[in-house]
Structure formats: C-alpha cells, structure tokens
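Below sits a lone chain in structure tokens, taken as the form predicted on its own.
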C-alpha cells in the first residue's frame, strides 16, 4: 500500500512548472528529445536533463534510445490519464494576451488535439457524443462499447480491438470541454485511423490537430456528425 510519503513524492514530480510543462507537452503521445523539451520549457539543456531524470526515476516518463539519440515519453496511458485528470480539475482560463500566435495556438488546442493516444477537445468530445447518440457507446451504465459499437470500430479501423490489459473503452474528462471523450483501446484505434487516413492532420509540432475536408465527409457519413466548428 502506498504511504503518504510515496504520494507526496509523486505529487512533487509535478510541483515544478518546468516539469509540468514537459509532461503537458508529452501528452501528444510522441517521444521528444531532451533538447526539444528544453526549448519548449524555455530552460537550458542541462536543466532539462536534471528534470527529466527525476521524471523518469519517478515513473512518469520512460527513456528510449535510438542510436545516439535519447528520447523520453510518458510511461503509459495511466501516466497520461493522471496528468489530464489533474488538468481537468483546474478552471479553464482564457489564453494570456501575449499576441495573435498564442491566441491562435490556444484556440487550436481547444478545437482538437491528441490526449496521449486518443482525440480530445471539441473534436474528441463531438465524436464521442455522436457515437453515444448512435448507440455505439453506453455512457449511462458505465462507459462501454455496445455490440454495435464494437462492430463499427472493427470495420472502421480494420484492426483487432482486443484490449489486453487496457480497457477497451474509457471515459476521459476533457480539460477544456468539461465533458468526456473516448479513451482506451477504442479511442487509440480511432485516433490512429483518423491520422493514417488524413481525416485529421497535426498542426505544427504540438498536440493540436485539424479536421480535414476528407475528415468532415467521413464524420458526416459514418456518424451523421455536423462538423461545423470542429
């Protein structure tokens, strides 16, 4: 059983603005280099290395090496869920008035983004609610795919939905929309499919994604979803 000291140590990993900024950046589900995270957080590479060492040792991040390059990413979905759940407990605030670029980036994140390996923001919530409305998701008796939902996901993604140790479907509270979006294996497979078929594309190097014209057509055809504002 975890002790109070264990919990305090875990909380301490995020009780630093630089480490928190790194973890939020890594919610895009990709692996970043220490240099990329240093530039993102606005700190020296040596400082970033110290912070990353603490996060890896504490179990929130894992290190991957490829040749001479060192990458870090969130340890697993539960680490991503922890960070997203903490963010969801904060009152949403408007982006600080630091210029048009910052305001545009904030608006893009709220419109659509990746949350580790699934879709979030207005786009992720809209897809989730459309699936629930079509009888693919049971959100009243828990958060679960119905038999129809399983058939829909299998045919749409063309992949095996065997959950293994991960839940097949899980509700993740969206920190900007304050409603749930679809996570778990089903959410990950949908996100993979949207990206692979260019129904969504990434905006720059961050978490924000944009729904493409092909994606708008696909969502209308598959889910009868009005994509206005997505």
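Note that the structure is a prediction, hence the values are computed from the model and not measured. Residue numbers count along the first chain shown, from 1.
Unshown form predicted in complex with another copy of the chain; subsequent notes refer to it.
Here the chain stands alone, but in the model of the complex its contact with another copy of the chain, taken as any heavy atom within 4.5 Å, falls in 168-176 among 168-176, 192-200, 64-72, 43-51. The candidate spot formed by 39, 218 and 222 lies out of contact with another copy of the chain in the model of the complex, as no residue has a heavy atom within 4.5 Å of it. Within this chain, residue 151 is remote from the site of another copy of the chain in the model of the complex, having no heavy atom within 4.5 Å.
For the chain shown alone, residue 60 is a contact residue for another copy of the chain in the model of the complex, at least one non-hydrogen atom being within 4.5 angstroms. In the model of the complex, another copy of the chain lies within 4.5 Å of some heavy atom of residue 3. Contact check for residue 78: a non-hydrogen atom falls within 4.5 Å of another copy of the chain in the model of the complex. In the model of the complex, the residues of 13-32 lying within 4.5 Å of another copy of the chain by at least one heavy atom are, in order, 14, 15, 16, 17, 20, 21, 24.
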